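Consider the single chain below, provided in structure tokens and representing the form predicted alone.
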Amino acid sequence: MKSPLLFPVRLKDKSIFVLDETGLPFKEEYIEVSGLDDALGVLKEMKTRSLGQVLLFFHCCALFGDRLSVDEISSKFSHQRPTFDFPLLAEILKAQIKKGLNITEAVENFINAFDALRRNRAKSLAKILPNPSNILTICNVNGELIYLYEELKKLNKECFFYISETRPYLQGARLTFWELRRNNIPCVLICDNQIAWLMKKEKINSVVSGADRASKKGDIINKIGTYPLAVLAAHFDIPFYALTQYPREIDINTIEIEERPKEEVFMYLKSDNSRIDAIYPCFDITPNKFVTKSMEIGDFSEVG
């Protein structure tokens, strides 16, 4: 089983190739990034997200580090996507360089180590999930659900995924549903507003979510819609598992929540919507009391 979303950004020669996630599932195309401005444009337009942002940042540091420092590149990335923790990524990279690695080696070490840790996390989560596992997901966790499915099957556990569409960008519908179906993993797509009903009917017995950021106390910052999903899970006594990495001492009240352009709320409309008002905060914060268990990868100093 495989998915291009496991490694959506790749470095080849002197160019970075970014899987255009906004084109999925209708077309699988890559955007060539040959300069930092190209990378910032890709970031701003949501062509890649989650792990793709991490890989894009690291590869940009490897390619353009002779012109800008790691911290300067981090600052430019943070300007485009303020909620994502690019300063942490800069710390990861600088810590590896202090060990005597060059930037290219540090990036390669991180990618290989991170993937091994993802596989181990899937194995750990599979052990505690019930049999059968009827799992609700939100957004997309870059292929890791494929790892989870493989580990559940090794334990002879039945597995079925309920994939919420994840409005307004539809990452669940366009990405997760697509990658699971192409790997013949049992799943169905559901509308976001159907979740409470399905939980009440006992169709779902566990929730698995990603996390763009996490605090040491167990709070998570993730795609908008994660917080209400966790509240519903708590109400129906359904365990909520968050896939987290490198938790930090964060005051969640100081996190800047990125506001995306209002036009993105109306992406499904082909007509001019410039005069229609909307708001799109694209992340929310889930307090630790609603998180049954954070499936942590570990401290960033352990990577590589």
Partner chain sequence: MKLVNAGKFILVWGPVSQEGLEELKREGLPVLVPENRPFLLGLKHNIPLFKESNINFVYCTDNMLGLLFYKGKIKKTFLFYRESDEQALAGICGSLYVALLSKLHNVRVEILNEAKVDLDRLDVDASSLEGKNFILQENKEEYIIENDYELVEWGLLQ
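Please read all numbers here as calculations on a predicted model, not as lab measurements. Numbering follows the first chain given and starts at 1.
Just so you know, the form predicted in complex with the partner chain exists too; it's not on screen, but the next bit is about it.
Would you mind picking out the stretch of 258 to 266, 239 to 247, 55 to 63, 41 to 49 that comes within 4.5 angstroms of the partner chain in the predicted bound form, counting non-hydrogen atoms?
The contacting stretch here is 258 to 266.
All of I190, A196 and I279 with a heavy atom within 4.5 Å of the partner chain in the predicted bound form
Looking in the predicted bound form, the three residues I190, A196 and I279 all sit within 4.5 Å of the partner chain (heavy atoms).
Non-hydrogen atom contact K99 with the partner chain in the predicted bound form at 4.5 angstroms:
Heavy-atom contact with the partner chain at 4.5 Å: absent for K99.
Give a yes/no on whether E165 approaches the partner chain to within 4.5 Å in the predicted bound form, heavy atoms considered.
It does: once the partner chain is placed as it appears in the predicted bound form, E165 has a heavy atom within 4.5 Å of it.
Decide whether E296 counts as a contact residue for the partner chain in the predicted bound form under a heavy atom distance cut-off of 4.5 Å.
No - in the predicted bound form, heavy atoms of E296 and the partner chain never come within 4.5 Å of each other.
State yes or no: in the predicted bound form, is some non-hydrogen atom of G143 no more than 4.5 angstroms from a non-hydrogen atom of the partner chain?
Because no heavy atom of G143 falls inside 4.5 Å of the partner chain in the predicted bound form, the answer is no.
Residue among L88, A113, A126, A173 with a heavy atom within 4.5 Å of the partner chain in the predicted bound form:
None of the others qualify; the residue that does is A173.
Within 218 to 246, which residues have a heavy atom closer than or equal to 4.5 Å from the partner chain in the predicted bound form?
Contacts from 218 to 246: I224, G225, Y227, P228, V231, L232, H235, F236.
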